[in-house]
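The data below hold one chain only, encoded as structure tokens and taken in the form predicted on its own.
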Amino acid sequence: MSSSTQTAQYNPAYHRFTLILAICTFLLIIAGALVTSNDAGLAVPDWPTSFGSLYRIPPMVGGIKYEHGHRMIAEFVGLLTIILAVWTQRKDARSWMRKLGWFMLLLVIIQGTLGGLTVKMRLPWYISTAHAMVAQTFFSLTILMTVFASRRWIETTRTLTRQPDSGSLNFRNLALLTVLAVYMQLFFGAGFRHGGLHFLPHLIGACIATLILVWASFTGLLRFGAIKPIRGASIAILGLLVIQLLLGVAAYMTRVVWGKDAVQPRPSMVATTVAHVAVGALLLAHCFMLAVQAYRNLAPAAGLAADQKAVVA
């Protein structure tokens, strides 16, 4: 850890603010899923205005309540992110944390631009898919910011003892692989939801992602179960994965099998699809946490031995 990390001080107000931002971002993801699930993406046909106005709230009826409601929450999250970025520069001594604060703000700008392009270009699947992936990335980073700002993270930094990541399998790389696997599945799933990809890639991706996540989680529990953050993330991934698979089946049955002839999205279709998106966001965030905790708590056996020799010398 750098010296800037060593001098970091726990700020309870800042920590609570990061948690508020994470919760609001999760609500924003749910609001965005409601827009797509209710076919309301073009209920407000202009951007950045809404029916020609930047400040007037249109009648919140039909699909407008989903689309404009989504925009209002997005603007609030954007405002919170600006505050977070500035607060981080002023109060956090860690240079990497300050860079992360600016990166979060950059992601909000990119996300807002992608959201505007979805309207301007009349919902192209590739823009909508990118919009979904950036949204879930931003949510994962808000969760990490909350972890990095926590008392446990800051105060245990000074006494942290890294364990060797020994054996034939490098667990830190396996943890990173879980993040890539969920991103792959997110791309296939969003592409399918927005009409650009067939269902088969999403199904195959689900099988591959499931194998990787189960592999990584059980490896974390069996090899590094004594390390609480790794154990907690591994258990959470397994639990969320089971729920996500069940929701995936439910979403497919309600939308593709039973609802294929529906004139409008049925409540069961909307509920299962939105829940599937929300749990997917939580799953990605926990994969990020597993990777971060693996790199924080583990070190290559050879590199750790060299460090210990240097200390003794």
Partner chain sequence: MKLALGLLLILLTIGCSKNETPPASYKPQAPAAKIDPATTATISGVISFDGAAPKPQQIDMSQDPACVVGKVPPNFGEAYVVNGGHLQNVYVYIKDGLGNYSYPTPPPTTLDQKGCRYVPHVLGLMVGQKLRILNSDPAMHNIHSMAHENSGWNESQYPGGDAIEQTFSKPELMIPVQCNNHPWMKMYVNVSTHPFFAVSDADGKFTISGLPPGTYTLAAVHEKMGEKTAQITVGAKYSKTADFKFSSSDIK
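Note that the structure is predicted; figures quoted are calculated from it, not measured. Residue numbers count along the first chain shown, from 1.
Missing here is the form predicted in complex with its partner chain; even so, the following discussion is about that form.
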| query | finding |
| --- | --- |
| Within 4.5 Å of its partner chain in the model of the complex, all of 183, 207 and 239 (non-hydrogen atom) | no |
| Sole residue of 76, 218, 199, 103 within 4.5 Å of its partner chain in the model of the complex, by heavy atom | 103 |
| Option touching its partner chain, based on a heavy atom within 4.5 Å in the model of the complex, out of 282, 64, 34, 250 | 64 |
| Residue 42: touches its partner chain in the model of the complex, heavy atom cutoff 4.5 angstroms | yes |
| Partner contact for residue 69 in the model of the complex: its partner chain, 4.5 angstroms, heavy atom | no |
| Distance check, residue 262 to its partner chain in the model of the complex, heavy atom within 4.5 Å | yes |
| Partner contact for residue 133 in the model of the complex: its partner chain, 4.5 angstroms, heavy atom | no |
| In the model of the complex, segment of 242-250, 264-272, 283-291, 22-30 with a heavy atom within 4.5 Å of its partner chain | 264-272 |
| Heavy atom contacts to its partner chain in the model of the complex at 4.5 Å, residues of 111-129 in sequence order | 113, 114, 117, 120, 121, 122, 127 |
